[in-house]
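Here you get one chain, nothing else, as structure tokens; it is the form predicted alone.
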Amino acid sequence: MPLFRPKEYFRVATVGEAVSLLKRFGGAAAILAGGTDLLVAKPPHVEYIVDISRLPLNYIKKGARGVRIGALATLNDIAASPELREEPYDVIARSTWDMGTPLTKNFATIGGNICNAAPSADMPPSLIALDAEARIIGPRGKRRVFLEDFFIGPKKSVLKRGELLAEIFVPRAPANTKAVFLKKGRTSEDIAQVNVAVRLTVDDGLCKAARIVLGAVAPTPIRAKAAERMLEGKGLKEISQIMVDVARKAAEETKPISDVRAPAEYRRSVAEVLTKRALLNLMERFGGA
């Protein structure tokens, strides 16, 4: 592995300073937050480190409109947050439980997990299932992007030169909304072979909204929209009867690859199994199974 010897290191005091440096150095610059990805990958093209770890972006705040999570909130902050114990926000905390070792989770941040744009990242499926948006700051000011649209390929996002992710906003969920996150890895702390988040909103016994979001089975996290449509408008009893077909349809919407962690067909099979288990979990919690 080549040596990792950037030319300069900057510890910034303001978001504006970080944006200015990122714009100035472009692709030769890298953001350092927790460092659990950057200091392992050691990308040889990086010549400038912009350390944002001292910025005031480590917070989790719940208000009338929803939950705001600063990009520097660590995985352990999220796992232990009182603001994320209520349904369905608890699925965000749940997605951190099997991510690396306790020491790693003391440093790793939600912003890093998202901006690294790994197809197997554990946090994006739960956030996408809750219709979260990324709040971005750059040279031209602020902008918002639904997290579903944030990822454009493996290790690629919509972030432009000079931009950084400042916050994740999760809107207030409708009443009677529940969600579940499940993951399959080679070990409980390993990178996901497949992960899934499923969210249902139920009113008067009918599913009003459904989200099925799968990770590590396509170039980006994906919503299984055809499978979601099979659920919407259905009663709980009917969902219990068709959940096998829904899970199969969700798996058909995946586009997995084979790599050192798992072959493509295994991933597709596991996607079906995890989706079915997630739906069964939700049916039990809604009292429909």
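Quick caveat: nothing in here was measured; it's all calculated off a predicted structure. Residues carry their position along the shown sequence, with the first being 1.
In what follows, reference is made to the form predicted together with a small molecule, a form of this protein that is not presented.
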Next item on the list: Examine I92 and determine whether its closest non-hydrogen atom to the small molecule in the model of the complex is within 4.5 angstroms.
Entry: no
Notebook entry, point to check: Is T109 close enough to the small molecule in the model of the complex to count, meaning some heavy atom within 4.5 Å?
Noted result: yes
Notebook entry, point to check: With the cut-off set at 4.5 Å between non-hydrogen atoms, does I69 touch the small molecule in the model of the complex?
Noted result: no
Check: Heavy atom to heavy atom, is V40 within 4.5 Å of the small molecule in the model of the complex?
Finding: yes
Item checked: Candidate stretches 84-92, 172-180, 199-207, 114-122, one within 4.5 Å of the small molecule in the model of the complex by heavy atom -> 114-122
Item checked: in the model of the complex, the residue from A227, I31, M243, I222 that sits within 4.5 Å of the small molecule by heavy atoms -> I31
Check: Would the small molecule be touched by all three of I128, L214 and V217 in the model of the complex, meaning a heavy atom each within 4.5 Å?
Finding: no
